[in-house]
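Take a look at this single chain, the form predicted alone, given in structure tokens.
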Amino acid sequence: MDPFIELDNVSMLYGSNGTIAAALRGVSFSIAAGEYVAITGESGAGKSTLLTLLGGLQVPTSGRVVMGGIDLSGLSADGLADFRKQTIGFVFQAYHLLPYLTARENVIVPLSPERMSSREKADRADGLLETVGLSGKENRLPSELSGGECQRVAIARALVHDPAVLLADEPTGNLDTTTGEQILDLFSEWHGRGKTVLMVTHNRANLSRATRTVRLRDGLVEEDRRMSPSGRAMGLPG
């Protein structure tokens, strides 16, 4: 199967005052369309940096990130913004909802530039809020929602463009176990529709949802394994 995402010798360096630190050091692997990949590793291993590069929020110091045949490093800032809007949905641990907007309005925000009527935008937002279990709460502010409900709003917002790729950075980190499982159910449902899901997680219990795990250590790929249907790891050839 041809890869949909390719990382080719990707490094990411940060530094100031003559001090250089490597968040990623020559990382290479590929992901096929429709995979559900859990990215794991200790704090500082490079997990979140990897996700920002995959999402086109940064470009690597060296190497290439290719998605759908497009080298993200070769895109302008406007080109990257357009690519993200069309291809990628982000879910962050901190939700990043606008506190003065309702749940519906938060979901609509990415649709602002679209040539759609207000009714069409509201209908799409309400449909997604229903999908994530928030029907009847469309007009509530984030302060009137629980943490799990805010995360569901964030997921609905991430999916509003029907992206091919969903990137999630510790999406259950601030949630209790039951609510976290409900969020993972939504990701599994999205994956079941043929979408590609990449989730950064420190919680080993979350790995059973993935079809593959990539473990980072000190900016390098330490382990890359496919998961069996039972959630047990299998060796990954090559």
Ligand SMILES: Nc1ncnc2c1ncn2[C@@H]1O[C@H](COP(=O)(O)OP(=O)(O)O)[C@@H](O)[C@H]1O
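No experiment lies behind these values; they were computed from the predicted model shown. Each residue number is its position in the shown sequence, starting from 1.
Another form exists, predicted together with the named molecule; not displayed. Remarks below refer to it.
>> Only one of M67, A45, V197, L207 gets a heavy atom within 4.5 Å of the named molecule in the model of the complex. Which one?
In response: Only one listed residue qualifies here, and that residue is A45.
>> Just checking whether T213 would be counted as a contact of the named molecule in the model of the complex - the rule being heavy atoms within 4.5 angstroms.
In response: It does not: once the named molecule is placed as it appears in the model of the complex, T213 has no heavy atom within 4.5 Å of it.
>> So in the model of the complex, is the named molecule close enough to V10 to count as touching (4.5 Å, heavy atoms)?
In response: Looking in the model of the complex, residue contacts with the named molecule do not include V10, since no heavy atom lies within 4.5 Å.
> Among 173-181, 28-36, 47-55, 187-195, which stretch has residues whose heavy atoms lie within 4.5 Å of the named molecule in the model of the complex?
Replying inline: Among the listed stretches, the partner-contacting one is 47-55.
>> Using a 4.5 Å heavy atom cutoff, which residues in 2-25 contact the named molecule in the model of the complex? It's fine if the answer is none.
In response: Contacts from 2-25: Y14, A23.
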